[in-house]
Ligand code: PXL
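We begin with a single chain expressed as structure tokens, specifically the form predicted on its own.
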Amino acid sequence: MDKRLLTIQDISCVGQCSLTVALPVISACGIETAILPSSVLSNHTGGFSGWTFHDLTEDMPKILERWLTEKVSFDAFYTGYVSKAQIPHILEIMEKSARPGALRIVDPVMADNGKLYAGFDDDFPQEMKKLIKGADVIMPNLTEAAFLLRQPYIADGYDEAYIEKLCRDLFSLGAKNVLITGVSFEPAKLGVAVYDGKKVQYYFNEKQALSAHGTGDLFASVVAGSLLRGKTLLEAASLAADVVVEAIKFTAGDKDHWYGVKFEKALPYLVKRLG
């Protein structure tokens, strides 16, 4: 039986982020991809003058009921931007529609650059811990790691000992594997730290000048798809980082394309790397 992944996150109709990235990227990995939108926005909230927003929390139990009737099940779950009220529904979906050995991949999307995203209150990180407990992989950035652990955010000047303690502390929340993004020990390099409960491993790329919306969603989607293709977490994270760099290179220099990265042009590279 072919593997089927369910991704649960918002869908911004314009802006190359969230579900409009996850669906094509994971599909390009050769994985059947089902979606459950947590909300629908006209466009994402970064840089646009405004947006429409429609919450879909009330639809979640109805959709699950239909799936259970139709005996729909999944080999993996990958969550992104969700609300506090949706977490109990997501846990129920994971419990009731999982195939044996199903993976739970959680990108705790809620913060960056030392601040929570608009719409999240101060207790949201503690609610997110309910999704993290028992997850096979969690993928916080440094800001999200700090909020989850109730620690001050440190932007730079940290060392390997700091990152490795973050990994151990996040692991203690109940995740089976920890992947921290946005790690940098020198100005010209940016990468990830991967921890399996035994050792921390790193992967770095040359830091790109362009900082763009949607790169976190692209990274997480490649990780999710690659894991279902049998890659180790370090292999999946390394490939994801390389794909993000490729997408940034396709986008850099186009001042009109400020709202995301041209990830579509990097899909042939992804497919080739996956073989």
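Worth saying up front: this structure is predicted, and the values here are computed from it rather than measured. Numbering starts at 1 and runs along the sequence shown.
What comes next is about the form predicted together with the ligand, which does not appear here.
- The stretch that touches the ligand in the predicted complex, counting heavy atoms within 4.5 Å, is 212-220, out of 59-67, 235-243, 212-220, 27-35.
- For the three residues T45, Y81 and Y117, a heavy atom within 4.5 Å of the ligand turns up in the predicted complex in every case.
- A heavy atom within 4.5 Å of the ligand in the predicted complex is found for one listed residue only; from I105, C167, V109, I90, this is V109.
- Interface residue remark: T251 is not counted as part of the site for the ligand in the predicted complex, having no heavy atom within 4.5 Å.
- In the predicted complex, V261 stays away from the ligand, with no heavy atom inside 4.5 Å.
- Using a 4.5 angstroms threshold between heavy atoms, A22 stays clear of the ligand in the predicted complex.
- Not displayed here, the ligand is kept clear of L228 by more than 4.5 Å at the level of heavy atoms in the predicted complex.
- For the partner-free chain shown, S12, C17, S18, L41 of 12-43 come within 4.5 angstroms of the ligand in the predicted complex, judged by any non-hydrogen atom.
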